[in-house]
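In the form predicted on its own, a lone chain appears below as structure tokens.
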């Protein structure tokens, strides 16, 4: 009898949990669903009142205008390039720095880690004016280089902190065994430590990719040329002084989130395992 009550209670708790999660998913996904259906609506249905959820008929005019009759392809390429370059360089720098801080006896290591954490927590808006003046004085304003330098400098400290936690958790016995077998410290890092820390590398890289992809302030402040704009800035072209072009805006927004969705789907397992294994350990 007690066992049956326990099973019933567990079933009730589990059912309640999944119900709450399902409601949360529906609630958070509804704006995306509304934007998706709006992007397929004819122009005369977008502003109709009361609004309708599903388009009748389904048309692709907004996507055709966004992808083939505007500069959105350029914005998309710029975002992919900036995000990819930033993630690669930041991961390379942070992995070396994180490993060195985790394994070598560096004076004032705790102070260095605290300083890295503080640098990652400084809001970028507080640095816009000095960075803008510096970019103008050095002649880097309106170039991809200045944006890449800012993104790399912005993301590397926090990625170093995250990867430091992973390298600290890795068993040191593995490295000792590799060195007994004749591996140099450099070979041990590249052949042993990096492969077993893939979850940490993927987790930190994905988090940085999301930050860079969604950034608006830096992309808007340091570029005025159309061929240098990123997706986050390009979306605002559909908000004009004459009104909001809802169909094209929703189509552009849907296209802009597809790369991040694909990236998370491909890296989901390593990302989840990376978070579960203590990516934020200090």
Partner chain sequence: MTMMVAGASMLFAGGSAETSQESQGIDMVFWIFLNPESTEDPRSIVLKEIVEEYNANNPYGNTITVESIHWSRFEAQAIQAAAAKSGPDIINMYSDQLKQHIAGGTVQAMTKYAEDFLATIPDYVYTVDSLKINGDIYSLPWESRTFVHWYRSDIFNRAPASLEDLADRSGKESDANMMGFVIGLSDGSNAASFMESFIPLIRSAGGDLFDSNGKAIFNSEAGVKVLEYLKSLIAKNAMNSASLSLVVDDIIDGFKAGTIYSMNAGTQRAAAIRQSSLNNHIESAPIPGFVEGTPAPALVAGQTLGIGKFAKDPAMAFDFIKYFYSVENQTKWLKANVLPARADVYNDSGIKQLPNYDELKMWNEYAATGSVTFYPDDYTEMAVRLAKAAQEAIFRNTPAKKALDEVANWYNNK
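Remember, predicted model here, so these are calculated numbers, not experimental data. Positions refer to the first chain, counted from 1.
From this point on, the text means the form predicted together with the partner chain, which you will not see here.
Listed residue (85, 154, 167, 211) with a non-hydrogen atom within 4.5 angstroms of the partner chain in the predicted bound form = Exactly one residue meets the criterion: 85.
request  = Answer with one of 188, 199, 91, 143: the residue that has a non-hydrogen atom within 4.5 Å of the partner chain in the predicted bound form.
outcome  = Checking each option against the partner chain in the predicted bound form, the one that comes within 4.5 Å is 143.
One stretch from 22-30, 52-60, 215-223, 253-261 that, in the predicted bound form, holds residues within 4.5 Å of the partner chain by heavy atom = It is 215-223 that comes within 4.5 Å of the partner.
Partner contact for residue 40 in the predicted bound form: the partner chain, 4.5 angstroms, heavy atom = Result no; residue 40 lies far from the partner chain in the predicted bound form.
task = Please run the contact check for residue 174 against the partner chain in the predicted bound form: heavy atoms, 4.5 angstroms, yes or no?
result = Contact with the partner chain, no.
Close approach of residue 75 to the partner chain in the predicted bound form, 4.5 Å, heavy atom = Residue 75: contacts the partner chain in the predicted bound form.
task = Report yes if any heavy atom of residue 114 sits within 4.5 Å of a heavy atom of the partner chain in the predicted bound form; otherwise report no.
result = No - in the predicted bound form, heavy atoms of residue 114 and the partner chain never come within 4.5 Å of each other.
ask   = in the predicted bound form, which residues of 226-262 put a heavy atom within 4.5 Å of the partner chain?
value = Residues within 4.5 Å: 226, 227, 228, 229, 236, 237, 239, 240, 241, 242, 243, 244, 246.
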